[in-house]
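Only one chain is included here, represented as structure tokens and corresponding to the form predicted on its own.
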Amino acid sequence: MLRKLIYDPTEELPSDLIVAMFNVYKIYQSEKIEHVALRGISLAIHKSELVGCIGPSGSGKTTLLKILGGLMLPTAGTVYWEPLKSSVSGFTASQLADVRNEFLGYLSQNPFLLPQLSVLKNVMFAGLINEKIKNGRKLKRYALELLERVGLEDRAKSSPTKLSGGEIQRVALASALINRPLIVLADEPTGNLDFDTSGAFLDLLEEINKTLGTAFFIVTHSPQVAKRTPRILELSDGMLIGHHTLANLHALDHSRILVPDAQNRIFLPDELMKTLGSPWGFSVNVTKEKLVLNSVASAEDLASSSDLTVKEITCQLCGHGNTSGNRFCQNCGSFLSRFRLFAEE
């Protein structure tokens, strides 16, 4: 089932909403360059959901994860956390850290365990720095319970240096769960595991999702993971371009639903544009049930299909008059805004 993706922060939010973004932008700036990593992202994750996030390298997945977890603030837009009942803006880094430690867990591709501590104490560590947990015996009992859930109760006294890659990831999962978070953010959690070990780890995530009600938001490149997440968000070039249920990463066009963002934009994926032959533009027909885009090959086709006529436009650089509908001046080659090439009859 597809849940609503965009909630305007001015409207009444559902009671089961855990985290959300509304029209979020992230721009990295340096002295010489400016890189837009996220371009108006809106999303919502509800209690007990298992959500995946896919997209090519450089699409903005890691930035999205950091902003969602409050490790990085957006350049613009709203990030909502359920414990705050509001946006994260206006809170200090220290305040956000305290709240994050209580309601949000994190699982990375390369988890780091403290080698000088036992497996049990590594699991307990996040709980020990939580000021609200005063009962050390209760914390230890829950840590042992979590180790039993992940199948490592017999390794409680072992050193992390003695564990396999799959065991390390399961210890990291138990540690992420120690404060009973509402949601765990996972960054490629099976990236370093073989196929069989990945499958067993995904079984474990599903079991915890069902029995503890913990929500998971999983960033992944793995088809194995994508097949196990009922709802999947697809990123490309910092934009949310699709919404899927149980996506096939090798045939995304068969499951993709294009969702308008907060600015009513719909991104047309590269595969679709290649199929259409990279059209110059589209004419639009609208009915009560359908929005039909008819691809056109040239400016003249677009003007004809839209009952528009091409007018002459003077190049601002060389002064040459252009009526061909080409995007570039016939005389000097400078760019002509295509939106200025047309006028109503």
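For every residue, the number given is its place in the sequence shown, counted from 1. Keep in mind the model is a prediction, meaning the values are calculated, not measured.
What follows is about the form predicted in complex with a small molecule, which we do not show.
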> Which residue among 294, 316, 62, 48 has a heavy atom within 4.5 angstroms of the small molecule in the predicted bound form?
Replying inline: 62
>> With the partner left out here, check for me: in the predicted bound form, does some heavy atom of residue 227 sit within 4.5 Å of the small molecule?
In response: no
> For residue 287, is any heavy atom within 4.5 Å of the small molecule in the predicted bound form, or not?
Replying inline: no
>> When the contact criterion is heavy atoms within 4.5 Å, does residue 35 count as touching the small molecule in the predicted bound form?
In response: yes
> So, in the predicted bound form, is residue 28 in contact with the small molecule at a 4.5 angstroms heavy atom limit?
Replying inline: yes
